[in-house]
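Listed next as structure tokens is one chain, alone, in the form predicted alone.
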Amino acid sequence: MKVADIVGGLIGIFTGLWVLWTSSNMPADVVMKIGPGFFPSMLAGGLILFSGALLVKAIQGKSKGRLESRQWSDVGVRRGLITLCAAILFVAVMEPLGFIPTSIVFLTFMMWVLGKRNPLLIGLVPTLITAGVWLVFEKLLHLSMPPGVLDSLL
């Protein structure tokens, strides 16, 4: 487990540093001084902090647990791969299609992948979550989300 924790800690630190570097190149908002890079920078800082803690514990020999092998036939592995592919597709189509329709479809699909089959919940939860996120970012924080196909309506 020690080697896995060291590798995981290093991957987390380098990923956090990459996000910090990328988000520092995003333009600052003139009015609020909080630009689109604020939240990714905060998350990257947390990722670096906790990855560093994992790395230190592994180096000190305080790693816990044991490494278990996984098979492609495991449900969790398949769900993880499906989630990764869906997240990549979500990011790829968000700009042209827009945040609202893309997020509703993504969340609906993820609920289905995770085994939620109640039609009322599948129809309601993604719509409410997407509307809530859109309202917070667009109206409260004045950060623009990609309008996409809804550009004329928003």
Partner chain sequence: MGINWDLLVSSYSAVFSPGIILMICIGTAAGITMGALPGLTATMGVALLVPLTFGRAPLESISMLIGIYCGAMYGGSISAILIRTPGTPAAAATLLEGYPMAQRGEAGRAMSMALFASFFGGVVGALIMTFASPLISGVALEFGPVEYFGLAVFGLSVIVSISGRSLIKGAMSAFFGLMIATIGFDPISGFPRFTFGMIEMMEGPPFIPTLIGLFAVSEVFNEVQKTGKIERVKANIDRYLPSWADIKKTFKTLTRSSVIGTGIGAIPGAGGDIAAFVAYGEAKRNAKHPERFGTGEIEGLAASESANNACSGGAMIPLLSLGVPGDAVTAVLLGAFVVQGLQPGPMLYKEHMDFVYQIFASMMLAQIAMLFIGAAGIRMFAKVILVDRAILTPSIFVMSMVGAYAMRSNVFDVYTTLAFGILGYVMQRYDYPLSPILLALILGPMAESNLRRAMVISGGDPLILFSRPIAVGLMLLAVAALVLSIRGHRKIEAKLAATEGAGARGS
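What you see is a predicted model; the values in this text were computed from it and never measured. For the two forms, the rigid core is made up of the largest set of C-alpha atoms that agree within 1.5 Å on superposition. Numbering follows the first chain given and starts at 1.
If you look for the form predicted together with its partner chain, you will not find it shown, but the lines that follow are about it.
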| So, in the predicted bound form, is V125 in contact with its partner chain at a 4.5 angstroms heavy atom limit? | yes
| said: I'd like to check something about G35: if you look in the predicted bound form, is any of its heavy atoms closer than or equal to 4.5 Å to a heavy atom of its partner chain? | reply: yes
| said: Can you tell me if P101 lies within 4.5 angstroms of its partner chain in the predicted bound form, counting non-hydrogen atoms only? | reply: no
| task | Answer yes if any heavy atom of L135 is within 4.5 Å of a heavy atom of its partner chain in the predicted bound form; otherwise answer no. | result | no
| remark: Of the residues spanning 81-113, the ones with some heavy atom within 4.5 Å of its partner chain in the predicted bound form are T83, L84, A87, I88, F90, V91, A92, M94, E95, F99, S103, F106, L107, M110, M111
| With the core lined up, does the C-alpha of M145 move 2 Å or more between this form and the one not shown? | no
| message | After superposing the rigid core, is the C-alpha displacement of S103 2 Å or more between this form and the one not shown? | response | no
